[in-house]
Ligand code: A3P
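Here we start with a single chain on its own, the form predicted alone, put down as structure tokens.
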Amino acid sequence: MDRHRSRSPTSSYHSRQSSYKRGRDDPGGSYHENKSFRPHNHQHHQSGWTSGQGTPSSQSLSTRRELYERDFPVYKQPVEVGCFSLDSERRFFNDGRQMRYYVEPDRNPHFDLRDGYRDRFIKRDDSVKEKLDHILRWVIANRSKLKSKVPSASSSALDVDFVTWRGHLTKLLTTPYETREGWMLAVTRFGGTLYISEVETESARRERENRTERHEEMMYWGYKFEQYTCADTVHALPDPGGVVNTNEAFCTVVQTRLADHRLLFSGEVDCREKDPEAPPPPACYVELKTSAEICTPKQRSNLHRFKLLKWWAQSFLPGVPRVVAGFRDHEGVVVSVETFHISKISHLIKNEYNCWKPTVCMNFCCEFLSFVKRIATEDSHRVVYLFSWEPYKDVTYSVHRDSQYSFLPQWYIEEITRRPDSHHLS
């Protein structure tokens, strides 16, 4: 799940309209509302694909930034098609019961993020790999929303090309600028749809198993900031004296299109606007973050160059319009709060030397999805195409049958292949 927390406040609905317009000079906030869908000269641009002797086993995908510096690809305005909740015991519910409501704090709130770490904290076991299970449960519960419009399609056919977590797509968007952490993504083509699920790398496993106590506590700080700024109901106030339980989650499920790739993905949402005049989801959602306080121009520049990349990617994908960041001191006390509007981030970073570019991020993601479509051709839940990447290298892949990488559960295979009319009405 996307649980790397840091946030900040301020609301404005009048500016959201600008994020739905496309602009060559503002690719950071451009969605397309038009139904016709053609990437701009996409097929004429240089591709990142390379191959040795033209054989599939030698193919790879370059991550060199200059290959992806071209027009911003068509990205349709994301539409929320559903949501689901995970309770304190990580049980799935096909509803919004875990939704929380944003309560704007003072600009200098002095929230103590250490409070409750020792005695009011229930931490999710992050050694348990849930893969796509929660999204798949949502798909089973909402098949009628996704049924293929092709008359001859099999019962397992969904009207999307890809199903995945928003966090996996975020990693793809940031790949051209990532210098430290590699990734592995398992892909299975089943019923004509490509399912993408992350596989933990060895280095990520070592990092998880060897975190310092300080690191563990700082991870808690992000959740604690949410507790200070979120209420359980529209008319309630935050309850910072309660228990922080990181098993609980509210997730949006959105459909969109990147060039000719039809996407269905889910991502955790921190909270939504209380205002009854707020726009419908996902435009009413607010992402919360924490970050070290900024005391020098160099620190501000680093925020723009590194953190804003991940904040932008994470929120732009599902159409979340703003990030509220709580800036904390070394002792974990929030000393200031600032709002970042996703549609304005590309302007914020414009004056940074050799900074990241939204268009590079989106074009690489688009090219990767095309690469996956080209490679992952066998339609079988038993086959996994494992795509791997390490910083400064190309994306490569290997093919595995009946392996430890298989991730589509048997209950999903059986349920999705049943005839829809064999389901009991409830």
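A quick note: this is a predicted structure, and the numbers were derived from the prediction, not measured. Numbering starts at 1 and runs along the sequence shown.
Form predicted in complex with the ligand: not shown, discussed below.
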Exercise for the section: Decide open or blocked for this chain: the ligand is absent here, so superimpose its site C-alphas on those in the model of the complex and check whether 3 or more ligand atoms come within 2.4 Å of a backbone or C-beta atom. Expected result: blocked
Problem - Which of 183-191, 212-220, 73-81, 340-348 sits within 4.5 Å of the ligand in the model of the complex, heavy atom basis - result: 212-220
Exercise for the section: Scan Ser266, Gln314, Ser197, Gln227 and let me know which has any heavy atom within 4.5 Å of the ligand in the model of the complex. Expected result: Gln314
Practice task
Check each of Lys289, Arg272, His261, Arg322 and return the one that places a heavy atom within 4.5 angstroms of the ligand in the model of the complex.
Solution key: Lys289
